[in-house]
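Take a look at this single chain in C-alpha cells; it is the form predicted alone.
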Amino acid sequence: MSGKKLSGAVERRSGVALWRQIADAIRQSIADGEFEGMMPGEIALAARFGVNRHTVRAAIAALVEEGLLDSVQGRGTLIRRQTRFTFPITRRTRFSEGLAGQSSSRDIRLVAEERIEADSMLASALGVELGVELLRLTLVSRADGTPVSTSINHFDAARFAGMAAAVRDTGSITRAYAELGVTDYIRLTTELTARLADERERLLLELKPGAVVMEARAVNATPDGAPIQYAVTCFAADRVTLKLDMPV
C-alpha cells in the first residue's frame, strides 16, 4: 500500500482513535518513501486527513515518542533516518547470507521452546500425521544488534529433537540443520501479508503500539521436496524491505 493511497484514509466509525489511524498512515507513507526529510506542516496534514490540527498534533507526538520523528524548534518535524535492510526471499533463503554486506553482525536467538501436537494445518504443511509431536521454536533475528524479525518455527520433534540446542550453539538455522545432517534445503512456498504487530511481536522486536509487520508464512523442504520446517516470520516493516527473487 502506497502513501498516496492512504491520503484521507481515516474511518470515523472504526473504533480506532483518529490520531492513531493518522499516525499509522504517516508511518506507512514514510516507509513507502513518500515523506522524506521534513514532514508537511500540521495544516497540510489536517487537510489531507480531514481532521483538526489537534488530532494531527497527537499523531505527530506519538511518532516523536516512538522515535520515528523529531520535533525541531523553529523548523518543524524531521523524519529520523533509520537503517533499512533489504532481505531477499529466494529459493534458498538464508538470514545471514541475505543480509551479508548490509550489516557487520547477524545472529538468531532462541527465546522459547515447546512441544505441541500437530493440528490439521501443521500436519498438512509438514506432511506428517495429525497429532504427531512437533518442536516449536520462537526465534528473534538481529542485524547490528537491532531486532529485524521474529519467527515461530515448527519441526518434526522425532527427526529434529536436537534443533533447539543446535540453534543455541550456532546462532543459525542453516548451521543447526548442518549439525543435524541436513546439508541443503529450499523454500517450497511463501505467503506474504502486512498487518499490525501484536503485543508479543512488539515486545520481541522492540516496537511501539501501531507498528506494522510483514508476515511471511513459509515451508522449507529438502531439495527433493520433502517438507522439514513450517515458519511464520514477522519482519519489522520500518526496518526491512522484502525482495522477492522467486515465484511465490
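Think of the rigid core as the biggest set of C-alphas that the two forms share within 1.5 Å after superposition. Numbers for residues come from their place in the sequence shown, where the first is 1. All figures in this text were calculated on a predicted structure; none of them were measured in a lab.
The same protein also has a form predicted together with the DNA, omitted here; what follows describes it.
Interface residue among 77, 172, 153, 93, judged by heavy atoms within 4.5 Å of the DNA in the model of the complex: 77. 42 is the sole member of 66, 42, 201, 215 with a non-hydrogen atom lying within 4.5 angstroms of the DNA in the model of the complex. In the model of the complex, the DNA lies within 4.5 Å of some heavy atom of residue 73. Using a 4.5 angstroms threshold between heavy atoms, residue 52 counts as touching the DNA in the model of the complex. Residue 231 falls outside the set of residues with a heavy atom inside 4.5 Å of the DNA in the model of the complex.
Proximity of residue 208 to the DNA in the model of the complex: non-hydrogen atoms within 4.5 Å are absent; the residue sits far from the partner. Of the candidate stretches 53-61, 25-33, 187-195, 218-226, only 53-61 contains residues with a heavy atom within 4.5 Å of the DNA in the model of the complex.
Site residues 12, 15 and 19 are all in contact with the DNA in the model of the complex, judged by any heavy atom within 4.5 Å.
Residue 23: CA moves 2 Å or more between the shown form and the other one after rigid-core fitting.
Core-superposed comparison between the shown form and the other one: the C-alpha position of residue 75 differs by no less than 2 Å.
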